[in-house]
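So this first bit is one chain, no partners, the form predicted alone, shown in structure tokens.
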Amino acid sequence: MVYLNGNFIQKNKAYISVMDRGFLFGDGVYEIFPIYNKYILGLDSHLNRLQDGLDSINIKNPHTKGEWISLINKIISFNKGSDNQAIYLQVSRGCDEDRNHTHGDLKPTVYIQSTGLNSRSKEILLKGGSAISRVDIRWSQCNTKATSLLANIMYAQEAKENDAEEAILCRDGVITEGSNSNVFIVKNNCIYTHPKGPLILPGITREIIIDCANHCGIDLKEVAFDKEALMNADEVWISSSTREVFPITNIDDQQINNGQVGPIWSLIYNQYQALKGIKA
């Protein structure tokens, strides 16, 4: 079951108009909520970011926070096959009478669906993963979680075709983020990640990792770093709502930390699992 504009219906019966601006222009925003044992991790933060995204492109929020929570919980209840789920929520500007670049006051289109969320075990993650690096050519408002993701999906597809977990992006010599993740490095027992701003999406998992580092007493600095720092790091990780915190041990066919997952990643991973109510 999915939710579309006031109705809970079967996914294969959910349709939007060809005049929907989300379909025509990618004119909308979205959120992904990770669910563990029916607990929505980072709920308020995700809803706050949804509001920020709607504000940034001037779409009026069609629901109150309480209404969003009720809709999400209803979708969760329909997916009884798994207690761990990923909820995808999208709000587009809505439908117009014709395809026009400009628009009037439209009623937003709201879509919500759930898929199973299968987190990889620590045993698997300790094998590490690979990434490729690419020049960041995206627009300069990456902090808006917009549905217009053409550059991002091209990077992600290129990573897939190279049997890599992610494409790590570099703009003007500075590492920004991944195609659909935030990037962390560790050097001399200190964690570094790009600061918030228009060049990165302010990931909710990124914020949780920062909280985990504080809880573990590990120094963390939100500062820009270049590709040389990335390639010479003691540890490299990526993070997202569905990947959680994922260790990268090879970039552009060059090993990081001799191909070994580092100890600080393990500490952060364990603390993240504790927040989910899981003993690592």
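Quick note: we count residues from 1 along the sequence shown, nothing fancier. This structure is a prediction, so every number in the text was calculated from the model and none was measured.
Form predicted in complex with N-(5'-phosphopyridoxyl)-D-alanine: not shown, discussed below.
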**Asked** Hey, in the model of the complex, is Gln51 touching N-(5'-phosphopyridoxyl)-D-alanine, heavy atoms inside 4.5 Å?
**Response** no
**Message:** Whether Asn180 contacts N-(5'-phosphopyridoxyl)-D-alanine in the model of the complex should be assessed with a 4.5 Å heavy atom distance threshold; does it?
**Reply:** yes
**Prompt:** Within a 4.5 Å heavy atom cut-off, is Lys122 in contact with N-(5'-phosphopyridoxyl)-D-alanine in the model of the complex?
**Reply:** no
**Message:** With the partner left out here, check for me: in the model of the complex, does some heavy atom of Gly203 sit within 4.5 Å of N-(5'-phosphopyridoxyl)-D-alanine?
**Reply:** yes
**Complete:** Answer key, N-(5'-phosphopyridoxyl)-D-alanine contact in the model of the complex at 4.5 Å (heavy atoms) among Asn152, Gln113, Ser130, Asn79: the residue is Asn152
**Complete:** in the model of the complex, the residue from Lys196, Lys160, Arg138, Lys74 with a non-hydrogen atom within 4.5 Å of N-(5'-phosphopyridoxyl)-D-alanine is Arg138
**Request:** Using a 4.5 Å heavy atom cut-off, indicate which stretch of 213-221, 61-69, 25-33, 226-234 touches N-(5'-phosphopyridoxyl)-D-alanine in the model of the complex.
**Result:** 25-33
**Fill in**
Those residues of 238-256 with a non-hydrogen atom no more than 4.5 Å from N-(5'-phosphopyridoxyl)-D-alanine in the model of the complex are Ser239, Ser240, Ser241, Thr242
